[in-house]
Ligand code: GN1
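As structure tokens, one chain now follows by itself in the form predicted alone.
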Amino acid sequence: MPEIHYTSKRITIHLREAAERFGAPDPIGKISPFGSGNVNDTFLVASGVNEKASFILQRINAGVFNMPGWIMQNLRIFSAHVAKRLETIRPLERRWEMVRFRKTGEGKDFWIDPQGGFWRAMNLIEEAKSFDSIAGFNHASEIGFALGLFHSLVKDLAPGALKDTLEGFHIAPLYLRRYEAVLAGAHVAPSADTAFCTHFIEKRKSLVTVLEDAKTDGRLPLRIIHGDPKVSNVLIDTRTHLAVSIVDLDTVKPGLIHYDLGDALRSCSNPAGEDPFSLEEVRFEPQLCRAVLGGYMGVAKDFVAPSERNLLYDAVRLISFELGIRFFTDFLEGNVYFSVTDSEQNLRRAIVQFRLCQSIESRAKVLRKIIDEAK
């Protein structure tokens, strides 16, 4: 019987059966929780014969993605398109790999368990690792490169070709509306931290429409986006220290590239990460921002029109603010969306993002200069 290790991940039934569905013909060995994702249940599955023959097994969170079949449909279209694009731009002069999905004995790239759980499996990208926080300027540049390459690979994939797998994702006015509804019915003991969050949101709620207004009036077009290009979703080659893949593709869908750039810059320019040891460590580091933009523009400089640069500062500030609203709303609801290790983790996460937003605002002048100078 396989050895199964659980940490903070929810224990899932049908785990062994799901692993066997995708692992045949090899017997299954050790199954361990994998990664630091906040949404899906993710495991590393090793072969009982050869532990190097590992793969990633994942149960998609149906409470977040209510149409998981759309995700796999999108990824089939996306993967085929990217494979063709990579053929036209080879050689890249570096290693670059895309996630490959395994199939069951029936030839499907997913399996639905008797309770309706939606499972899929991916080949492990070897000699690569992810980081929860930025490890330096070279790392930041590689995050930028990975996102720029992603955008260049999908620039000619029509937005209408993909389904919207997470309707409302990154639509900040909807998050604000949800927050206000939850706050009205919340039964949370008041504290200095909750007061800080509610005051912070109230003072800045007019910010939430900036990108959607630009989309409505035609200043920002819909494109295919990654949706969640934070630090931990870019794999780094353990030998060359270069970006080798961008993963967590469930939110690949039509959207605004400012969501992607804003999230990458937000994530990479805070050396402390989303769960720092101390709030005093949280800050927006302009030179890390410069490194990310340099890496991005080096491969996708023609992807962002000059008129679109004017909204990049707003995007960085907005994504931090938006994520803070999402974390705080989830805290008020009892932590139903993001995985947590304790009941107040989402409250702390919200404060981190609001502190980061403050830091971004305090560096507005230098940040705008960096954006203008990026080449």
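These numbers were taken from a predicted model, which means no experiment stands behind them. Residues carry their position along the shown sequence, with the first being 1.
One more form of this protein exists, namely the form predicted together with the named molecule; it is left out here, but the text below deals with it.
Checklist entry - Would Phe200, Leu318 and Phe354 all count as contacting the named molecule in the predicted bound form, using a 4.5 Å heavy atom cut-off? => result Answer is no for this spot.
Next on the checklist: Heavy atoms within 4.5 Å of the named molecule in the predicted bound form: which stretch in 183-191, 104-112, 292-300, 261-269 meets that?
Outcome noted: Among the candidates, contact is made by 261-269.
Checklist entry - Looking at the partner-bound form in the predicted bound form, is Ala350 within 4.5 Å of the named molecule by any heavy atom? => result Heavy-atom contact with the named molecule at 4.5 Å: absent for Ala350.
Checklist entry - Would Phe327 count as a contact of the named molecule in the predicted bound form, using a 4.5 angstroms cut-off between non-hydrogen atoms? => result Answer yes; at least one heavy atom of Phe327 falls within 4.5 Å of the named molecule in the predicted bound form.
Next on the checklist: When the contact criterion is heavy atoms within 4.5 Å, does Phe55 count as touching the named molecule in the predicted bound form?
Outcome noted: No - in the predicted bound form, heavy atoms of Phe55 and the named molecule never come within 4.5 Å of each other.
Checklist entry - Taking 4.5 angstroms as the cut-off for heavy atoms, does Leu166 touch the named molecule in the predicted bound form? => result The answer is yes: Leu166 has a heavy atom within 4.5 Å of the named molecule.
Item to check | Listed residue that, although the named molecule is not shown, lies within 4.5 Å of it in the predicted bound form (heavy atoms), from Ile31, Val39, Leu332, Val340 | outcome: Result of the distance check: Val39.
Checklist entry - So which bits of 217-246 sit within 4.5 Å of the named molecule in the predicted bound form, heavy atoms only? => result Asp228, Lys230, Asn233, in sequence order.
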